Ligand code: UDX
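Form predicted alone, single chain, as structure tokens, below.
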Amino acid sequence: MRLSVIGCGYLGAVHAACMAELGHEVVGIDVDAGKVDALNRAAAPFFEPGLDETLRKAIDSGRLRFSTDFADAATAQVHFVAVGTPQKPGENAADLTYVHAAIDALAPHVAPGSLVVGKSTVPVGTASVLVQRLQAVQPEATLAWNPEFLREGVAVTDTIAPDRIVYGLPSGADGEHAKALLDEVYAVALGKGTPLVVTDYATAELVKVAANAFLATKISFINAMSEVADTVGADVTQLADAIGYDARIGRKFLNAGVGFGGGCLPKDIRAFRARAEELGVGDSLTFLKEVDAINVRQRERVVIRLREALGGELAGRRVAVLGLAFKPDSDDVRDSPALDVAVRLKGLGADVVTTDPRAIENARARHPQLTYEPSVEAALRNAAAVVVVTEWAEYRDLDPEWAGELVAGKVIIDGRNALNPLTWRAAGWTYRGSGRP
């Protein structure tokens, strides 16, 4: 099929490359000429494992190209809108400026009978507004909503082989037409038995934000349990193992630590709350305020543990912070707990030295006041303490004996509960985790 993808940031670039990988003819449209140039050279402007190779293969095949001209999308049968919906400055609500601009710029180039598909994460009710904007220009176009469920670090796999597909469709003949086109787009995944949920606009919009709200709640729940465990001397890891055997609960994402971050979960749960308030059902999502508060509190708890381990004084102490990205296999530092911890420590007078395999330049652009070292060895040298805040494999696999020869003080704060306490303590380290006695 001939497809266009409007917006070539994280979501759009991955979607465009993967659709071409599946055999479709794809043009990606973005207003950022520098980004378009990089993508046409198969150089993604962000790190995602496997994406550069997927881009190169698709571009070399002739099935994928990128452009700044919306007119280049005119021959597409299906147009995917994948622009960002950031949090409004000073508010919890989502900023839909880019979604509205994308629809308005695309509409004059949409052919009769074509399908426009929203993939951006939006407040419920957005699609019903956008379809009016679209059909005011092209009455014979149809709008569908097809939320994304990508996880940074495995986004290519999640796109090519998703765990479910959701269509939000209008009723009647338009909905049947939209479903037929989407079934053709996702023929490979559907042919392999991927579960498909066909529903209305509002439900499709809610699926994404509800999934993120549930995941955030699960993470904050186990972090709340870690606070209790710290107080009573219990082990939150064993607690998670025990309750995780219950099939109704499950063990995934019951890992206490410094909390969630990134460009999705934090802003999405805040926008969900804001939309609920607008709809007059704010009380139904009041709990998400505490979910958010628990998450942010975990960052301060890492700082408190370090200060206690160093005898109450951080000023002038050299601290190695291992990790800047909000999760491993990513260079994304948006709302990163790791970067936030580093900044908090710097603000308290610590001599902070940070490192990360991928995220140093993105972090430096936001916080040039920090000291950055490309190697773990350089970051560890002469440190009074070490803080692990992104669970990259190379940090999880650190040899405590080797690290002990580099540092000035054997104090390690495990902000992700990613290390083996017994191994580190046996090597002479003072180990502090979250909810671990």
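We number the residues from 1 along the sequence you see. Model, not experiment: these values are computed from the prediction.
The same protein has a further form, the form predicted in complex with the ligand, not shown here; the description that follows concerns it.
Of the heavy atoms in residue 329, none are within 4.5 Å of the ligand in the predicted complex. Contact annotation for residue 260: at least one heavy atom lies within 4.5 Å of the ligand in the predicted complex. The shortest heavy atom separation between residue 255 and the ligand in the predicted complex is within 4.5 Å. For residue 416, a non-hydrogen atom is located within 4.5 Å of the ligand in the predicted complex, even though that partner is not displayed. Between 129-137, 271-279, 75-83, 210-218, the stretch whose residues reach within 4.5 angstroms of the ligand in the predicted complex through a non-hydrogen atom is 210-218. Residue in contact with the ligand in the predicted complex (any heavy atom within 4.5 Å), chosen from 141, 181, 150, 303: 150. Distance criterion of 4.5 Å from any heavy atom to the ligand in the predicted complex singles out 265 from the list 343, 265, 360, 93.
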